[in-house]
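In structure tokens, the next block holds one chain alone, the form predicted alone.
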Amino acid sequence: MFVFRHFLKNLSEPATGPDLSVAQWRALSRQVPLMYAMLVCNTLTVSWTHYDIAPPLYTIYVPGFLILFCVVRTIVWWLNRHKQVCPGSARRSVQIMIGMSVILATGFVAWGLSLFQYGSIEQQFQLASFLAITVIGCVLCLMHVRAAAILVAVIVMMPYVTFLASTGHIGFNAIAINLVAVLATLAFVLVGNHRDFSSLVASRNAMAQRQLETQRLLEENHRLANLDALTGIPNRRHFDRQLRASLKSALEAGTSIAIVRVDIDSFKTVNQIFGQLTGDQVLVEISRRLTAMKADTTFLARLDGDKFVLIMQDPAGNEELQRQGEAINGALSETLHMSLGAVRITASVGIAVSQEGDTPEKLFDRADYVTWVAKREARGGCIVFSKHHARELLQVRRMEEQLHTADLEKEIQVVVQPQYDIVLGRTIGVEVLARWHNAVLGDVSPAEFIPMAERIGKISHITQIVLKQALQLSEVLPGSLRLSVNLSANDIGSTTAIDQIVALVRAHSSPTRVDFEITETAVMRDMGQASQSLLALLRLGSRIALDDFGTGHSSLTHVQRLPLHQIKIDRSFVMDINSDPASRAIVKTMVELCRNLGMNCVFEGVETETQLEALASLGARVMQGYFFGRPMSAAAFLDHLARENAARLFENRVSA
């Protein structure tokens, strides 16, 4: 019994894992009902031919039991033919089938051999043929389950062949020999078929696994392509697709959508102070807050960096949109408690509502523009796009086009504004300023085209134009005067831009008298790159001035770490110096700071004599403003210098 169990276990053990059992069960569910139908048909035929010559036990009761057994098993398999089975259930069903095959084979061979003693030689040959054909048919039907097929063949062949060989009849002996040969051949074929069947199942399973893996990779690629890796919300690509679909649906339905741009103000400061890891955590928290407060129908995405966007369906009027934008400001301005400390941020929000005939590009352009306006004019607030902004945007786009297409080398000219030393009583330098006269737009204010040039990446080109003209101007101005040229954050933060500036200065024949003015905002973008850029400029013999000190991210750290020669105090402190004690105290502190650090201190925006007197009383020395001269052309400045020198000579003669 133990040997039989061991043999059965080895025969039924799946070669390629649980999937083979499922495949065997599915094959049996198709073939076993056919096998039982064949058995029922053959059994009825034999019972009919032996009905008159054999006892009822062998023609009615035993075959009736065998037929009933076959019918019951057929019904069981038929009812379960479409059932989805797990590998464990399939394996148990296959093992039960193997056991049933043993019982069935034993029963049929015993019944057939019992009938052999009845009837004529022709009926005995019929019975021999019945057993031989039936066992071959059963083996073929069970071919996908090697154990069942081989067991049936062995159980039938051994007693049956032995019996036929013992009859001494040449015909029965021939049948026995033929049956052994056929079953041996079938056994050989069975082994190969089972191996091929197992390989097919394994191959199909491997293919299914590859398909699953491919599908998983496709889904992962789709997720990565459409979701922001950091925050888990939709990304720019997903937003672009959603915007097109939402706008199309809204236009077809006669409704509208609104784009809400949310730009975090001065987010780079968070990264510089707390590190990028904390910065990432802040972005995740921002996306969480925006997700929590948006409506279910509102689409939220992260465009890039610190920029988020929402698509609102069928928005309310401008007042309600303004309220919702301010609610976003309020939610984001609440303190974020990070592991390294409390972080406080603000966001500038711009909102644009779709109009009839809009394209996704037009709508997004309006939202982008009004967000830029919010950052410039209402930082930390919200602005809804209006007709006023539409007129501005039209002018801005015209300006953008001209900045891209105009011959800026010819259209941009420089003017200079004097910097006056009240102790020496003369002009000691000038600031070189750009002016743009365009054939289409006319005279364009620097307050308009400089920020625009920075935004579209043309500012470095303009800086180089101004620098070329400043170098040419230095050849006609008195040798004692130095010329200051402003550098943008793009210039300071770009190695390429600095290399081009250095190349221009070195190509100039005369020793440079050009100094460079930078802003704190430019420095804040990347302190390391800013320091490298300034050192490259210092090697030219230039000097560095920190412009608009006291605004933006004013910090004495910058004064300490940067190689500065001069600090220019913003005009906002000069305006109120006669009326605001705090401004007077700040000015006095700055004068003393510069004196202690060995730096020059230039006060901008001096427009009245009372301001001059107040600054002088506090120790200020170098000043710049309308009181000493408005921005003027080079020719006008030379005339200005001539008048200044004449006045000074006259004073010297009078005093002598």
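So that there is no doubt, residue numbering starts at 1 and follows the sequence shown. Owing to the predicted nature of the structure, the values given are computational and were not obtained by experimental measurement.
Keep in mind that the form predicted in complex with a small molecule is not shown, yet the notes after this line are about it.
The small molecule in the predicted complex comes within 4.5 Å of no heavy atom belonging to residue 208. Although the partner is absent here, residue 446 sits close enough that one of its heavy atoms falls within 4.5 Å of the small molecule in the predicted complex. Within 4.5 Å of any heavy atom of the small molecule in the predicted complex lies no heavy atom of residue 592. Of the heavy atoms in residue 487, some are within 4.5 Å of the small molecule in the predicted complex.
Residues with any non-hydrogen atom within 4.5 angstroms of the small molecule in the predicted complex fall in just one of 66 to 74, 594 to 602, 50 to 58, 624 to 632: 624 to 632. In summary, among the residues 358, 228, 263, 517, the only one with a non-hydrogen atom within 4.5 Å of the small molecule in the predicted complex is 517. A heavy atom within 4.5 Å of the small molecule in the predicted complex is found for exactly one of 538, 180, 562, 433: 433. Not one of 235, 311 and 374 comes within 4.5 Å of the small molecule in the predicted complex, counting any heavy atom.
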